[in-house]
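To begin, one chain is listed below as structure tokens, in the form predicted alone.
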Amino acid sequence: MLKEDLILKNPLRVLSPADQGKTEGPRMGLVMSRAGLGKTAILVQIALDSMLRGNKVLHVSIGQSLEKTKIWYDDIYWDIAKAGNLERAAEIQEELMSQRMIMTFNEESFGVAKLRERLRDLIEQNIFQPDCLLVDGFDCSISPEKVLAQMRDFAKGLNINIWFSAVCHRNDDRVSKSGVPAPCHEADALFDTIILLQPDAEKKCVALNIIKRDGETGGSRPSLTLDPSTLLILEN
């Protein structure tokens, strides 16, 4: 398989926005689940898809080391390459990783102002200017709507798309009308795409429940799952 074929056959093509790079206006996406179901794997596949199409990606990892985040990229990339029998896989990997930067924060130190400051330094020094921003491990337990509104303004200023991952908890049954669980249930209007990961015991996989797509809720939704052995996204 060639690189172009890998892009066209990616299951992420069914999600909107299809282009995770710059658009007419910034988009925000959210991946939610209980701990350990594959949120990071989803974000990494979104990042790789964006990088394959020539975009630069900044991966902000909260509470996870630089090395561990790199391992996520290496493992998932090679699983994708092997599954698709990708030609020139090592050469393409080297090319892609030059389009990615990883920025780490301790859980206590992350904030919109700090992120804005560090990213501004990268851009002003012409070191790195992302087309897509991923925030993995976002703590939305305290006033998430305020922080997320700030992040949306931040994205608008840079004209880039942002994807977040966030944890929901089994013992908190609060949920928005559209089906978004707490603690992001009051901030769902800020997102254009929302994905909820849910275990499917019968099929022995994790289903991607696409609650919101391209700003719209309801209607038919594509059927996507995570392969339990590789955590790759599959289209049913």
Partner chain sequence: MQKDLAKVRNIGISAHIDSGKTTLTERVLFYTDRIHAIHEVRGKDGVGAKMDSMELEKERGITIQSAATYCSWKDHSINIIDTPGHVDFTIEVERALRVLDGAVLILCSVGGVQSQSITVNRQMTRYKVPRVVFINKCDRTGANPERVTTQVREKLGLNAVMMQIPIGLEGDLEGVIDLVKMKAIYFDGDNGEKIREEEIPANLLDDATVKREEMLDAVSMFSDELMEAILEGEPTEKMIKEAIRKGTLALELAPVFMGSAYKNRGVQCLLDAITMYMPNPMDIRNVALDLRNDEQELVLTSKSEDPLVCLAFKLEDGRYGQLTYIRIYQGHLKKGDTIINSRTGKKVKIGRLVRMHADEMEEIDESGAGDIVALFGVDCASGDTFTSSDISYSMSSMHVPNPVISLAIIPVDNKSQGNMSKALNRFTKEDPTFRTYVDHETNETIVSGMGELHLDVYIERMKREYGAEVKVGAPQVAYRETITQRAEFNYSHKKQTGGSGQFGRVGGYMEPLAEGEYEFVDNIVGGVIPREFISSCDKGFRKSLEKGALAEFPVNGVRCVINDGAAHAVDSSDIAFQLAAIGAFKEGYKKANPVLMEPIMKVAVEGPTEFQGGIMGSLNQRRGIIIGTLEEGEYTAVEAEVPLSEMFGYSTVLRSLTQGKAEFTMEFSDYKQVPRNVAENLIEDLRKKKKEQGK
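Residue numbers count along the first chain shown, from 1. Please read all numbers here as calculations on a predicted model, not as lab measurements.
There is also a form predicted in complex with its partner chain; it is not shown, and the following applies to it.
Its partner chain in the predicted complex comes within 4.5 Å of a heavy atom belonging to Arg100. In the predicted complex, its partner chain sits within 4.5 Å of a heavy atom belonging to Ile127. At a distance threshold of 4.5 angstroms between non-hydrogen atoms, Phe138 is out of contact with its partner chain in the predicted complex.
In the predicted complex, no heavy atom of Lys156 sits within 4.5 Å of its partner chain. Though its partner chain is absent from this view, in the predicted complex it lies within 4.5 Å of a heavy atom of just one residue from Leu122, Val112, Ala149, Ala83, which is Leu122. Note on the partner interface in the predicted complex: the residue among Arg53, Lys70, Arg174, His169 having a heavy atom within 4.5 angstroms of its partner chain is Lys70.
Residues placing heavy atoms within 4.5 Å of its partner chain in the predicted complex fall in a single listed stretch, namely 114-122, out of 114-122, 161-169, 129-137, 71-79. Of all the residues from 45-61, none has a non-hydrogen atom no more than 4.5 Å from its partner chain in the predicted complex.
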